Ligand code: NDP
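In the form predicted on its own, a lone chain appears below as structure tokens.
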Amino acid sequence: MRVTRREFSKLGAMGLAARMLPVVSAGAQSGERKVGYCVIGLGTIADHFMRGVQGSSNSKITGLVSGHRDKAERIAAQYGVPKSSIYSYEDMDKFRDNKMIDAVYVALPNSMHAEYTIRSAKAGKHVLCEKPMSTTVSEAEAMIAACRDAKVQLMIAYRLHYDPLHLKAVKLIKDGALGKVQTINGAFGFDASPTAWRLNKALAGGGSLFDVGIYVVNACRYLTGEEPVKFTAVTSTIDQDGRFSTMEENVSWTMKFPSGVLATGSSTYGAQMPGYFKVFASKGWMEMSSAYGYDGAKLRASFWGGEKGSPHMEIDEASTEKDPVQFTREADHFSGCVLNNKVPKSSGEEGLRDMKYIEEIYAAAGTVQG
């Protein structure tokens, strides 16, 4: 079952207006080239991104796509977007001729990512698409093909790939500080509102695994630097309150990596589950709490400096960065790729891999997708 953007608008599920904040100077030198972004979908995540772009040295908001003209005009006034650069979903393709728009940020529900990425690519615009990349592997492959054929860049918005604290965690493992990694545990979830579009499978593609579990899957991959080769999984629904008529409430899974590392993950829409990961290795351990949010992450580690019996080392570091800095860094990276014709670190292929693993997890759980 597919849901059109018009039908989605009628659901009223994205009724959160963007915060009305004064425009902040981006800090770039006068005359420096900036990539102009057209934001497609003006919900909560788009608000984070647009505020992030305000702090970027090489990015700016130059267009909006929305089904609500009055809302779009209010936001356009805050970001200096001319009314002529506001589009509806029906006439969005006209931005092909808008020279102020170099790229788009796709901030729509999951099931719409493929359509609007492909339409944008055909209009000659580079694409930064929110995660999960799509709802199926075939959609992800079509998105990659469309961007390749149009010779535009495609990046999936894995903002944590550019976060200093996550990069420090990866470096500790890569440098061998923890010794040989044995297991990784991770989880993320929240108690979903009955009115959330995420509980509509036609819009979301699936349950919490698509929305928040994907953070755990992706983190295990960049922490190990490996791709999983074997999966087990189970799903359950405990709260019979009508919210989970089209999808499961809870998912737990395991992934085995080529080195033998075992990772376990859980995600839920039925309880507050602050995101975290824990790494257990031969020389010690490492954990990150509030790992997947927009600010406030904390990294702790305890390990021997060399062989057992050598000096013991401790790390206890909290991020002092506040939202929307992660989105600023994400925009900086993609704009740099656009300006210099470089493949983004979190390319479409990165998103495709996670889509394949999500399908593997559901298959292991005996849950049919689609």
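Just so it is clear, the model here is predicted, and its values are computed rather than measured. Residue indices: 1-based, along the sequence shown.
Just so you know, the form predicted together with the named molecule exists too; it's not on screen, but the next bit is about it.
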*Considering only heavy atoms, tell me if Lys71 and the named molecule come within 4.5 Å of each other in the predicted bound form.*
yes
*asked:* How about Arg159 - does it come within 4.5 Å of the named molecule in the predicted bound form, if we only consider non-hydrogen atoms?
replied: yes
_Any non-hydrogen atom of Pro228 within 4.5 angstroms of the named molecule in the predicted bound form_ = no
*So in the predicted bound form, does any heavy atom of Trp285 sit within 4.5 Å of the named molecule?*
no
*Which listed residue (Trp253, Tyr215, Phe277, Phe95) meets the criterion of a heavy atom within 4.5 Å of the named molecule in the predicted bound form?*
Tyr215
*Which of Val81, Ala107, Met155, Val104 has a heavy atom within 4.5 Å of the named molecule in the predicted bound form?*
Ala107
_The chain here is shown without the named molecule. Which stretch in 131-139, 219-227, 277-285, 147-155 comes within 4.5 angstroms of it in the predicted bound form, by heavy atom distance?_
131-139
*Using a 4.5 Å cut-off on heavy atoms, what residues in 199-229 are near the named molecule in the predicted bound form?*
Leu203, Asp211, Tyr215
